[in-house]
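Heads up, the chain below is alone and in the form predicted alone; it's given as structure tokens.
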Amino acid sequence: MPELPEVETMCRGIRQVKGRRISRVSTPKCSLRPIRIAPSVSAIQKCLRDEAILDITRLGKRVLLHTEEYALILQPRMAGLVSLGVAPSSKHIRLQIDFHGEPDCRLLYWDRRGLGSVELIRNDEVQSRIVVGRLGPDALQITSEDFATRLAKTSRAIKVALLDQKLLAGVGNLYASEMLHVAGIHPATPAAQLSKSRIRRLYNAMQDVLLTAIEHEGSTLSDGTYRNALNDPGSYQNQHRVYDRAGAPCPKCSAGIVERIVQAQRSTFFCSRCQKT
């Protein structure tokens, strides 16, 4: 967390800075463990000062701010946010970007746990340094054929395979549990053993779950960490079927109870009655 829907919401929420010119890049005073910023903030400031934001894109779970020459890559990881002028708390602001002109505008990168990163690279290096060997096709852009081909090549449990960013970019723990429940597939089923019809159901469930979560501006969990660009909570948590609902009745079959297991050191939620291996 945040996953694809939350990062896509961040990108959409900050698009009003598109076309604005950067006046200053800085790191507000913070007594907490610093995050990884490469190169130094002063070097980033030198490269980006007076440059215009020409585009804002998402790459898996990363936010990219593009100038004519550079891409500033913000990777929120477990508890990071990209927002406009407001943040859940001032002490966790790790990077601030101010812009020329009116109205007054600043972009903040906030990270409660300090696990995220900021990296500046040239636009023409994004593929070679970020994508190749590290990221598979985006979950909202991959074709059903490519999705099936990739799953057929791994014998890992389908839930574990879905979390592999080299196989598929953007899906994380929360939405993997949700889409498997919608598709009626047990999370421990080996990916390579899924039939064509079940893979098709999973592909359709993936698209539906992710797009609906984006419409609801992502999920704000009980810790309240995730917020949109205006510091408001998402609402997709109200649509969760199984995630973090262990012990509750299954909303699909009503007869089953949502269970929790651990896969690859992550919690998985499912209903064994309507999710068969």
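Just count from 1 along the sequence shown to find any residue number. Note that the coordinates shown come from a computational prediction; the quantities given were computed from them, not determined experimentally.
Keep in mind that the form predicted together with the DNA is not shown, yet the notes after this line are about it.
- When the DNA is considered in the predicted bound form, residue 163 lines it closely, a heavy atom lying within 4.5 Å.
- Although the partner is absent here, residue 18 is not a contact residue: none of its heavy atoms lies within 4.5 angstroms of the DNA in the predicted bound form.
- When the DNA is considered in the predicted bound form, residue 143 lies well away from it, no heavy atom lying within 4.5 Å.
- For residue 227, no non-hydrogen atom is located within 4.5 Å of the DNA in the predicted bound form, even though that partner is not displayed.
- Note on contacts: among 88, 172, 137, 184, the single residue with a heavy atom within 4.5 Å of the DNA in the predicted bound form is 172.
- Proximity to the DNA in the predicted bound form, defined as a heavy atom within 4.5 Å, holds among 193, 204, 149, 154 only for 154.
- Figure note: of the listed segments 73-81, 120-128, 195-203, 97-105, the one touching the DNA in the predicted bound form, with heavy atoms no more than 4.5 Å away, is 73-81.
- If you check the DNA in the predicted bound form, you find no heavy atom from any of 58, 66 and 216 within 4.5 Å.
- Contacts with the DNA in the predicted bound form, taken as any heavy atom within 4.5 Å, map within 246-268 to 260, 265, 266, 267.
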